[in-house]
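The form predicted on its own is given below as one chain in structure tokens.
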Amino acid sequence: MTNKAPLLFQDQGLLQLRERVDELLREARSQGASAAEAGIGIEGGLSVTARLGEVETIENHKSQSLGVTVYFGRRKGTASSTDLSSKAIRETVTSACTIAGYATEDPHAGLPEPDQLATEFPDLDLNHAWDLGVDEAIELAVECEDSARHYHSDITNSEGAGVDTHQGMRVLANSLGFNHGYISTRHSLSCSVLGQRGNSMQRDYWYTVSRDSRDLESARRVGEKAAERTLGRLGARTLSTRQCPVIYTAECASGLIGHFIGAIRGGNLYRKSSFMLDCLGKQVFPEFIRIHEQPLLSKALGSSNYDSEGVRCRTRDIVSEGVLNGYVLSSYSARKLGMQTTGNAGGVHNLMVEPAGGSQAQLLQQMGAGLLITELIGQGVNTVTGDYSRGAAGYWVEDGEIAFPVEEITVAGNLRDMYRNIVAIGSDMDVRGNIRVGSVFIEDMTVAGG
């Protein structure tokens, strides 16, 4: 294998896209726009899936798109196209201008403040092309699935294994003089299998994802983990309704933190549809909790020098000593709130919850008896009130050790109380996504069963 990028995604191609984006801005100016921003992206990759030892799908995919937003004073119009030709550029800009003509004035609309734009662009090491042929991808997918299917006789069926490799170029520019682009990659391996023991049938999965294929877990290990997780769920039972402590595994805890980020997002705040209204500067977590954003981490999946408006991303503490220090704002939402953008148009970048506790095994010992959640089902979260109720599966814990698997239960509470009642954050941080957090131990929740 090599890590040499295909010619399509070399720096020369990036330069050509930057020139094409400039063409979009010039066209917007010529059609009378007082300001404009534009972006172009080209993506490509290979996806292979195998099931029961046979190839199921092979996809070579490539896509391209352009988008432009024009402003006539405070009137805004947006249009997009998958055609990058000069003719399409003219037509797309015309469409955006036409839409702006029908739009109402919005005093908060417009480009970011010029002094907020990124001007420095350190190399974040995001581009690691995987020179992966179809035959080799098939071998990896089959190896991954075989390692799961042959792991134990109770693994009886498979939903398949997949290998994905992706590379893309993106360029963003605006009429304030910002014009920058970058090349990035994302690769993954995944596997999902079914197991049966008596009348009990379960499924589970595992995956690995990285910018660099050399940082992926091996195909064999991904399959083995999928099998281990499936076997661990066999014989699951329900629980009687109770109040008990709960530990969210790291992969489930990221969603728990995601609800918090949603509640402090500008759009929910200016619409007054958040349970975190007027919480700035207030204690919302225990004092040992620190949540910080690290957008410039090398190779990380959420790394970026700037947000989707070109505003520079900043390293900052959103929560320190349990106190909410800042919101998650774009230029528009910041203006609506009478504040300044935080460089989060498009979301957060490598949000990290600092560990404050031991390993998951140590958290189980600390809990003694309670519920370990490994899967969440449904969308029962009310961002306005903070009310939380979701289906769940996992394990009942006794004397600090897993006693038996559980399913068909519901965990419920209010997110305000849940955040304040966090006892510990595990050291088992899951780095496979944009929110990095370990297992989360909550003192008390309602668990409803059969």
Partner chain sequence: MISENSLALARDLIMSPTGLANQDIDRVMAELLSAPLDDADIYFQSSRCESWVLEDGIIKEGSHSIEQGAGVRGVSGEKTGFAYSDDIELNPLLDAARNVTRIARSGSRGTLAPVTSRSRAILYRPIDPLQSIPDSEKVSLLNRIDRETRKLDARIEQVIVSLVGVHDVVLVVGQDGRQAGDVRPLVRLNVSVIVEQNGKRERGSAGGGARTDYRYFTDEDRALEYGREAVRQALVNLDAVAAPAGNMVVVLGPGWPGILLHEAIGHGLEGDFNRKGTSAFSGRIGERVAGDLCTVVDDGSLPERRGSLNIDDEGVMTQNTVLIENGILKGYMQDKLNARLMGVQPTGNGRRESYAHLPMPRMTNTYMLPGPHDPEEILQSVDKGLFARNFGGGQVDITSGKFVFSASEAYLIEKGKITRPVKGATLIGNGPDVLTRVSMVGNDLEFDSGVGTCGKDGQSVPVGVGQPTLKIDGLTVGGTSV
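Residue numbers count along the first chain shown, from 1. These numbers were taken from a predicted model, which means no experiment stands behind them.
The next section is about a form of this same protein that is not shown, the form predicted in complex with the partner chain.
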| item | value |
| --- | --- |
| Heavy atom of each of Glu159, Arg271 and Gln379 within 4.5 Å of the partner chain in the predicted complex | yes |
| Contact label in the predicted complex: Lys336 to the partner chain, heavy atom within 4.5 Å | yes |
| Contact flag, Phe178 vs the partner chain in the predicted complex, heavy atom cut 4.5 Å | no |
| Residue contact check: Gln360 to the partner chain in the predicted complex, 4.5 Å heavy atom | no |
| Val397: touches the partner chain in the predicted complex, heavy atom cutoff 4.5 angstroms | no |
| Listed residue (Tyr205, Phe72, Tyr332, Phe285) with a non-hydrogen atom within 4.5 angstroms of the partner chain in the predicted complex | Tyr332 |
| Which of 28-36, 419-427, 397-405, 47-55 sits within 4.5 Å of the partner chain in the predicted complex, heavy atom basis | 47-55 |
| Contacts with the partner chain in the predicted complex, stretch 240-254 (heavy atom within 4.5 Å) | Thr241, Gln243 |
